[in-house]
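Next up, structure tokens for two forms of one chain, structure 1 and then structure 2.
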Structure 1
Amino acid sequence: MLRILRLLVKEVFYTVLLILGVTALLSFLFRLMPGTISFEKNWLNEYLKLLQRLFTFNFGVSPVSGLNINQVVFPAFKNTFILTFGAILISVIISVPIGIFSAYRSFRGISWPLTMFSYIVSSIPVFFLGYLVIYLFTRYSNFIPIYSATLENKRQLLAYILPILVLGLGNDSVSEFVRIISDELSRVMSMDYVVASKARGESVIRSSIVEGILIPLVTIIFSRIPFLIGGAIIVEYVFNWPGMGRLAFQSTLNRDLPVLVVIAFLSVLFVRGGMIIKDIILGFIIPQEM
């Protein structure tokens, strides 16, 4: 337990250090932009002021668009979080069985076309996949709605389904998950201890589950977060989803750099937070000496 705590402290410390660096970079870029109204003559002061704003989560008002950043960004973040979380869930649910099929000899006959199919769907560019899905669902039935602020609650819940599905299946997530899981599982299945446990009559899958599935899964889920945020930008655009991605895109069109900087900051927190959680989970699973 103490070991985990020590790990946690180390990670948080490093993340804080990292964020300091990130904000330095961001404030530097900020300064570079031609035409920025710079209230401070000194870059250092500007940096410190930015730091203060970010760390107190009091982002103020954007001089470019006049938006109250706090009001806009936090709900957007929540929505993107839901989207990302749901997408990860879908990716995992689909790719784990396919990965196991791929690796486990008995099912070899089925796996090849199935794997291929998942690769293909994953590789469809997310913007087209999204549009295709919308087309299919709106043309042929009205059941699953596209998000709009005016929907009543129950229907709104259903609107969650499509973008989560698209982000989970597309964006190359499934193909990467399947590839890594089936690679690791195959590797682990031929390791000595798995063969030894098979010789004792134990199931190969059960013995190889931790190293073959759990560890690569945990690693890759949290490492994919940055990619998912990137994909979310497009998916939110296509589905009109009020998340951080759509906000980022709108800010780009408006040349609203302050909002973008805040979004970048929150994304970094999201990403690093995920890394910390990942390391803690792995810390529990993997015994000390390894």
Structure 2
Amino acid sequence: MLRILRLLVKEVFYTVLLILGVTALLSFLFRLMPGTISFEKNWLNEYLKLLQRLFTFNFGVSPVSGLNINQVVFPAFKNTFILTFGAILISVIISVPIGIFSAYRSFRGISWPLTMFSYIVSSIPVFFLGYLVIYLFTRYSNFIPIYSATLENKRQLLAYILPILVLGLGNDSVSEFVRIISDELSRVMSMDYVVASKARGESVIRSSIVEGILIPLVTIIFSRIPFLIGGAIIVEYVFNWPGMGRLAFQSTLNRDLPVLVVIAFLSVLFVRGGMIIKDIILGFIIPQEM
């Protein structure tokens, strides 16, 4: 328990340093940009007020739109979280069985075309796959699968599911999950203790599930979060998904700098929170590494 607490303190310290660095850089760059927003002459005083708003989660009012930033950002953050978590789930559901089957069959038989399928799907650009899905649904179902609050329940559910599927398939997570799981599982299955378990008649997969599947899967899932957020920005724009990516794009066009700072702050918390969860999970699985 003490090791976990020490790990949490270290990760929180690094997260605070990252937030200070990112927000300070953004605040300084925004002051250099031409625009209609007025800044205080004392940059340090203004920056300290910004940190107070961020760390108290009282983001204030946007000087551009006049809306409460909390009421704008948190619903968008929730939608981005749903999109990212759903995409990770789709990638895991598809890639884990293929990776296990490829390692168990040594890329013989049907495991080879399945692995090739994962690489081909992952090589499709996410924006192209998104527009292709929209084109196919528009052509053959007379329904444009773009999110809108006015859609009826069934179509709104479809407009929710399709972006998750596109992001889960279109980013390169599927092929990377398959490659890492198959490589790690093949390595573990050739180790002495697994061979001995096989000789005793035990299941090879069961003997190597922790080291060959669980540990690499946990590591790669949380390390993919920043890349998934980058892909989510494109998917949100293509499908009109009301998330942080689309909000950041609109705020950039409107030069709504306070909203952009809040989006960067929440993105850092999201990414670093995922890394902290990863370290805690790995700490319970392999406590000697903590």
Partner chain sequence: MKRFYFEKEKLSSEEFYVPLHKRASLRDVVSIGFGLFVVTYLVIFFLISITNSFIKDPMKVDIQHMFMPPSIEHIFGTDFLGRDIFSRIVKGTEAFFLPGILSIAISTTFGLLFGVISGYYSKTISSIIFYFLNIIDSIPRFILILIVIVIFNPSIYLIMLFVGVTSIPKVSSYIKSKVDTLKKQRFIEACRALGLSERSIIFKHIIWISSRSVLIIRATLGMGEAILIETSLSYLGIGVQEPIPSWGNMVAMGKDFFFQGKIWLSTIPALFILITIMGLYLLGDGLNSIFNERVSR
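Just so it is clear, the model here is predicted, and its values are computed rather than measured. All residue numbers here refer to structure 1's sequence, counted from 1. In this text, the rigid core denotes the largest set of C-alpha atoms whose superposition between the two forms falls within 1.5 Å.
Shown as structure 2 is the form predicted on its own, with the alternative form given as structure 1.
Taking the rigid core as fixed, one finds a CA shift for E11 of 2 Å or more between structure 1 and structure 2.
The rigid-core alignment places the CA of L266 less than 2 Å apart between structure 1 and structure 2. With a cut-off of 2 Å and the rigid core superposed, A24 has a Cα displacement that reaches or exceeds the cut-off between structure 1 and structure 2.
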